[in-house]
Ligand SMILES: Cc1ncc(COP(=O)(O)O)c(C=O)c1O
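Only one chain comes next, encoded as structure tokens, the form predicted on its own.
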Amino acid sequence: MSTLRPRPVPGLGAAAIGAEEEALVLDVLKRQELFRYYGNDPQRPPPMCAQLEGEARALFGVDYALAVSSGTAALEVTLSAAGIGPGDEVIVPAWSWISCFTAIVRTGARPVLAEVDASLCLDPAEIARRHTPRTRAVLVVHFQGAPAQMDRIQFEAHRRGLFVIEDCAEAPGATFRGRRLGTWSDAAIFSFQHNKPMTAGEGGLVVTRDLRIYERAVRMHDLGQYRPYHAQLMPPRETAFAGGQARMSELTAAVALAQLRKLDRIRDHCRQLKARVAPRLAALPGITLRPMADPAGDFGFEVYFYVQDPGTAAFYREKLTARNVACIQRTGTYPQYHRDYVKSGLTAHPALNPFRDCPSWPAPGYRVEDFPVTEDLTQRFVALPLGWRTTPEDADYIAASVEAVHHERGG
């Protein structure tokens, strides 16, 4: 075995935290203005959340952006702003993060699980298969930085009158056909959670071009209120309704703003690393790289490859781990039907449960056997993370290690 390299320090946005974040946080602390809507001067609201929203609008090319307390809150606010509620259904990929399922349930709507394709994003053909008269929306997850097939998804969804939401939590800065993710849909969300490409520990964004969705999102995230700051951007048109509380603080916004400004640099660094690794893996017989709807649009922070069966995948993971190469099977995402909250089919109160009318549980559509494609794909991949502190030499070592394990396997 060749000399082991130290395992690179993991992380994307978190690994890039530095003087820029510190300066903006200290500015908030020195002004002693931590709440976004008012501080020491009633005539001059604190600037960080507003600045974050403004720069997000410019970067992503949208009309409206709203800073919220988390990516999960962004999903719940967006679903509520779209009027999704009891009796409705939302199509969501079975292979997705916890919040994609639970946010739908918390509105009172029913998540309808759908298969992914080999890109590990929603298979557009599933919209026709899973659509019912109760379907109101499609939640698209750009899994681990890779764009879904947004042209086909938009066509299949909009021809049926469905609202489309992009979950860009792991794909800010990624593109599809040269256009940034988050701009293809009716509304989109971003996350600033610790493991994301841009982070503030927690926090999120809702973006949209729809002024009605924007106003409803503002009211939903701020107890039904529509404060003067937002009214100056867009005069209110909606009747007030009772909302929740998902406001972002000025401290969170300070870190998020610095991270937003670094986003494309982090992306470009990851893309350069992936360009060193992916071609070498693609040349190995028996290994298939994760196909992309748009390879040029991938964020690039994780290289996935498929092998012929789960046993071979386990072999690669064992041998690569011994060579100090990170290659965990699951990266925080599991098929929803394997999660405890799906297995139980319960909610906090029975009256809020969208599954309460099912005669038995797990019902069809929530069982392992209902998702043969997702089960097959997610047991045969190996994931190789790349990060802000990963060097070109690290990337070359990762590729060489896969080549060595492939040779050891007899490939």
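Keep in mind that this is a model prediction, so the values were computed, not measured. Residues carry their position along the shown sequence, with the first being 1.
The same protein has a further form, the form predicted in complex with the ligand, not shown here; the description that follows concerns it.
- Comment: 96-104 is the region of 253-261, 96-104, 313-321, 174-182 lying near the ligand in the model of the complex, near meaning a non-hydrogen atom within 4.5 Å.
- Under a 4.5 angstroms non-hydrogen atom cutoff, the ligand in the model of the complex lacks residue 216 among its neighbouring residues.
- For the chain shown alone, residue 147 is not a contact residue for the ligand in the model of the complex, no non-hydrogen atom being within 4.5 angstroms.
- Contact annotation for residue 196: at least one heavy atom lies within 4.5 Å of the ligand in the model of the complex.
- When contacts are judged by a 4.5 Å heavy atom cut-off, residue 169 counts as touching the ligand in the model of the complex.
- Of the residues given (84, 141, 127, 293), 141 alone sits with a heavy atom within 4.5 Å of the ligand in the model of the complex.
- Listed residues 208, 119, 72, 135 were compared with the ligand in the model of the complex; 72 is the one with a heavy atom within 4.5 Å.
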